[in-house]
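Before any questions on binding or motion, here is one chain by itself as structure tokens, the form predicted on its own.
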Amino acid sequence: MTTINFLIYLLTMIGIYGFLSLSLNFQVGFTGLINFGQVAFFAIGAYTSSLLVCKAGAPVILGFLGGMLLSGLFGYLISIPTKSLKSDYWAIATLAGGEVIRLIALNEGWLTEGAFGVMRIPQPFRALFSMDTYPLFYLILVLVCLAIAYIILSLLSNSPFGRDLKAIRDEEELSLSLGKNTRKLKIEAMIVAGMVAGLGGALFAHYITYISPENFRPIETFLMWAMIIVGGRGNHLGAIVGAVTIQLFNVSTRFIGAYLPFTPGFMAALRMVIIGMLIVAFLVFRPDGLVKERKKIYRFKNDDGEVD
């Protein structure tokens, strides 16, 4: 792999994981929902798009939309029985939900091809580009989609809906006392986050052209959490910075390992240990992450025209 090809691959993976980081941050950083099964959205988006295109013969764009819609639907379904739970029980429920999706993908071979995975996944507009130029096109496609998702989430978070979500995060009991339907708001936040992560999964599947249950292990959720902890919770820029930081380390060390006298298994374990230490270091010394959330201060004029 040449340096240019590696950089394009690295940036593409950063963009794809940017969707997952933005999605998790919208749940945790803005709504206070602890999701330990975030990888489920990733898997649903990837498998739905792949199966629609490979088995049903649907266009790739419909595969993308199907992945988003089904991931959003999963966010809705998992929120129904858990919407009244406190954060710790919500975390356990989402962790179980993530494993249920992975086990379905592993065992329901009639639908998902089981452990063999889905192969020869078509890439969008592949015939229009040469082998050398297509990776650059796909990188641009990913970055454009990521920019659109970033803008939409920014608009939502700065709207009354987003302010209500932050109110739930900071003081749910106060939101309830003000007449806010916190259960409904939590469900809506999960639907939005699911759709964003589902698009990331679809883009991932059509990029690498092969997926299996091994791509969606719980360790992927661990990486997503590392991104928002390192980057900073409660702001979208922090989620992107975290995705860049963690993916730079995660991807580059896979290739650096070829020049070190260690086995691939040892390098994989060492990589996770270092990321774990990085998480602990940020939680202790910089809990706000690299990009600190800017909390808005609202000022009001009293009857005398003075600002309070």
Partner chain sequence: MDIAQILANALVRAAELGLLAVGLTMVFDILKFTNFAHADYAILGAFLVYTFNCGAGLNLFLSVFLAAVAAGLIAVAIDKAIFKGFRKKGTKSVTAMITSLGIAIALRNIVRMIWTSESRTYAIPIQRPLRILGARITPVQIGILITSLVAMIGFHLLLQRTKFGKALRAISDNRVLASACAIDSEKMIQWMWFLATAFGVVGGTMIAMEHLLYPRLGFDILIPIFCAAILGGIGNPYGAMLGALVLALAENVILALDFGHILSFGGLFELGSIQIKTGYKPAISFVILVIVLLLRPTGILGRK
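Positions refer to the first chain, counted from 1. From a predicted model like this one, the values you see are computed outputs, not experimental measurements.
If you look for the form predicted in complex with its partner chain, you will not find it shown, but the lines that follow are about it.
In the predicted complex, its partner chain lies farther than 4.5 Å from every heavy atom of residue 59. Its partner chain is not drawn, but in the predicted complex it has no heavy atom within 4.5 Å of residue 120. Its partner chain in the predicted complex is not approached by residue 132, whose heavy atoms all lie more than 4.5 angstroms from it. The closest heavy atom approach of residue 211 to its partner chain in the predicted complex falls outside 4.5 Å.
Residues of just one listed stretch (123-131, 217-225, 138-146, 199-207) have heavy atoms within 4.5 Å of its partner chain in the predicted complex: 217-225.
The listed set 248, 54, 256, 283 contains one residue whose heavy atoms approach its partner chain in the predicted complex to within 4.5 Å, identified as 283. Proximity to its partner chain in the predicted complex, taken as a non-hydrogen atom within 4.5 angstroms, holds for one residue of 73, 237, 111, 106, which is 106. Within 4.5 angstroms of its partner chain in the predicted complex, the stretch 88-107 places a non-hydrogen atom from each of 88, 89, 91, 92, 93, 95, 96, 97, 99, 100, 103, 106, 107, taken in sequence order.
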